[in-house]
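Presented below, as structure tokens, is a lone chain in the form predicted on its own.
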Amino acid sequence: MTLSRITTKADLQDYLHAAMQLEHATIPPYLTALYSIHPGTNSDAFHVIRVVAVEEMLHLTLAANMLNAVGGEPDMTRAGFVPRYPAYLPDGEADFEVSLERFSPTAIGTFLKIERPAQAPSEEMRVLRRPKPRAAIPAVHPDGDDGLHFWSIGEFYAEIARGIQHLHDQGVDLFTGDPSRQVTPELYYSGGGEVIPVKDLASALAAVELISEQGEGLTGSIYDEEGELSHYFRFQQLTLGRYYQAGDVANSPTGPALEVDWDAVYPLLTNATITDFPAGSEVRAAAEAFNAGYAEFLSLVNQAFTGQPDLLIPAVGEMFALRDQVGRLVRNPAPGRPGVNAAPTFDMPETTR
């Protein structure tokens, strides 16, 4: 049985909006873990997480290109676009939540769940019933009467590909968006895969395929078509303590040892919110400054996706420039909370919780 979920162009736009929120929802957890690592330590782990974060930005860009191509309107600045952590991912995996936490075995375990291989045990399990979500915006079809959500990110994108193909086969005029909104390869290079401008069926399906390959790997392979490790197996190296090398099979890396010092990390407050830091304190000011900077980053990216694609390069630079602001948080104890340090909260300026 084929459980098709996308039957109209509006459905497809809803899914692509959710795809943008999904790709972004992984970035704050990855950045939090990345910047909790003591400077000068865990260089291999730092590189692994940073590369994945950059590629998530590529996936976000591909989702925006697809949404623009089918006449949708990206909006990363609306209230609730940034999830409230801990959160279920917007595509709806039911068995775990994503937290903002320090680099640790627990965090990497969550990252492996985020990037887990796509295929569900059966077709009937591709979509799941889920508890009430904590994400600020519910997953796709929030007002639907079935409450169905997806097994994995890969299954979610498989439905998008299926929906695109179905609508094309039905003769729906899909690709009606303004071509000038497309982000092109010269405007963003991730190191593993290029931006695909979306203009037709082939390019849309290619964009979906690239996202899925980089996340979980291609049909069981540890590598994508570019010869790069997929995100799942990049993270798995950190738990197994060894690099993959050419000729290896899944779950059995035979390359050089990968040393991880789990103690060379700031003890961050997990899932910190702005209200965890007293008004008027230095850490509150630092947290607010970071949040304002992150909101500016989202605004720049949104401008890039809505008619000014040349702003994407400075926007990505802005994301990593926020490291200095994060440093002013993670090096300082959280007031009134012995044994833990302050942490970025990703509360957007209109949000207090």
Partner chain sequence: MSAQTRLEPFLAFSSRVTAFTVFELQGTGQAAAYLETVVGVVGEALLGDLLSIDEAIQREADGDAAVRDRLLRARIFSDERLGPVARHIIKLWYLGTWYALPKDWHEVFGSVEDDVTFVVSAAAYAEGLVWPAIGANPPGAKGPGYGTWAMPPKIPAF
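Numbering follows the first chain given and starts at 1. None of the values given here were measured: they were computed from a predicted structure.
This protein has a second form, the form predicted together with the partner chain, left out of what is shown; the following refers to that one.
Interface membership of residue 332, defined by any non-hydrogen atom within 4.5 Å of the partner chain in the predicted complex, is confirmed. When the partner chain is considered in the predicted complex, residue 286 lines it closely, a heavy atom lying within 4.5 Å. The partner chain in the predicted complex comes within 4.5 Å of a heavy atom belonging to residue 327.
Using a 4.5 angstroms threshold between heavy atoms, residue 307 stays clear of the partner chain in the predicted complex. This chain is drawn without the partner chain; in the predicted complex, the residue among 209, 248, 75, 282 with a heavy atom within 4.5 Å of it is 282. Remark: of stretches 315-323, 28-36, 66-74, 297-305, the one touching the partner chain in the predicted complex is 315-323 (heavy atom within 4.5 Å).
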